[in-house]
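Next up: a single chain in structure tokens, the form predicted on its own.
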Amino acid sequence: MRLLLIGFGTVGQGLAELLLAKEKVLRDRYGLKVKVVGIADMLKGSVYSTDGIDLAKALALVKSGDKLSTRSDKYDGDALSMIENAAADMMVEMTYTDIKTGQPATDHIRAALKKGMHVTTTNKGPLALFYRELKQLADEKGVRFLFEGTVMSGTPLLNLIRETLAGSTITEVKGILNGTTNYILTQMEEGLPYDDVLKKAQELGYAEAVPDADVLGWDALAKVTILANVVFDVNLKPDDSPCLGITEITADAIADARSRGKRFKLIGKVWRDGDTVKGSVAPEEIDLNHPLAGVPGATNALTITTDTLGDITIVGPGAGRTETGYSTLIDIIQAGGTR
């Protein structure tokens, strides 16, 4: 399995570390020998070699602060050029997310699929905006288009729904799809004001300097849109669903909810309403006896309502270097493993 890694930031490096650590498992358990032939990163530079890239040396180079482009096998073109010209079996797209345009990730994915490569991505933008088009292109080319990491990082939500719940009719999925806001709400239960908790979340790296994507609900909305389109087979866009973040929730409101046996969570939800599928993101007061109410800190969780098993709740990490890198490893095994 010859791989292109498009993006070599936190997630790309996490995947590279896993490929090194799991080399024997991939070979012995799944009959899969993985060779990374290209890495392209806007900030760290690009390298390409048909003989394969030494991932340990590449990781050491970027961790030292040097660029990949200082290597003898540097690649002078951009990521799109590498995809179009490389001899590879699968492209792993891990660039930054632009939820408004889905670029440049969508162009990367289109180019790889058109060339007949399998694709996995952790990028929410292309899935939220162009899922149906990209899935159709993959089907036409007879390749896999996989994206486990776009909703709950390495927590195997989409694989659970696609494989383990095959044959079930799902009527609703709802849950905590953004760890930053869940951390903020958890800390506010201690009586701390929103602004103080947000500052702490930024210091810990949970929230960006400009935290709008998290606290205004946009990140959760992208994930809701992906779930609607993938699980319920519709063609929603982010603007089709109402979205309300957590910025208006006060410590007093949280304390009042707690006194009534409830707890605030920012809930992303997709459900069937007759023949229509709807989505939303908004703070909700959850009963303390519901599984979602007990999910603390930066953890994610989703409750899946089925006709066969009732409610199933999956809880796990929604972000992280190794965790999100692992989501792409799952997809690589799905596309190329033989056992």
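Numbering starts at 1 and runs along the sequence shown. As the structure is a prediction and not an experimental result, all values here were calculated from the model.
Not pictured, yet referred to below: the form predicted together with another copy of the chain.
Heavy atoms of every residue among Val25, Gly167 and Asn289 are located within 4.5 Å of another copy of the chain in the predicted complex. Screening 220 to 228, 156 to 164, 171 to 179, 78 to 86 for residues having heavy atoms within 4.5 Å of another copy of the chain in the predicted complex returns a single hit, 156 to 164. The closest heavy atom approach of Ala56 to another copy of the chain in the predicted complex falls outside 4.5 Å. A residue is said to contact a partner when one of its heavy atoms sits within 4.5 Å of a partner heavy atom; Ile314 meets this definition for another copy of the chain in the predicted complex.
Using a 4.5 angstroms limit between non-hydrogen atoms, Arg263 touches another copy of the chain in the predicted complex. Within this chain, Glu17 is remote from the site of another copy of the chain in the predicted complex, having no heavy atom within 4.5 Å.
Checked against another copy of the chain in the predicted complex, the residues Thr308, Thr276, Thr70, Ser64 give one hit for a heavy atom within 4.5 Å, which is Thr308.
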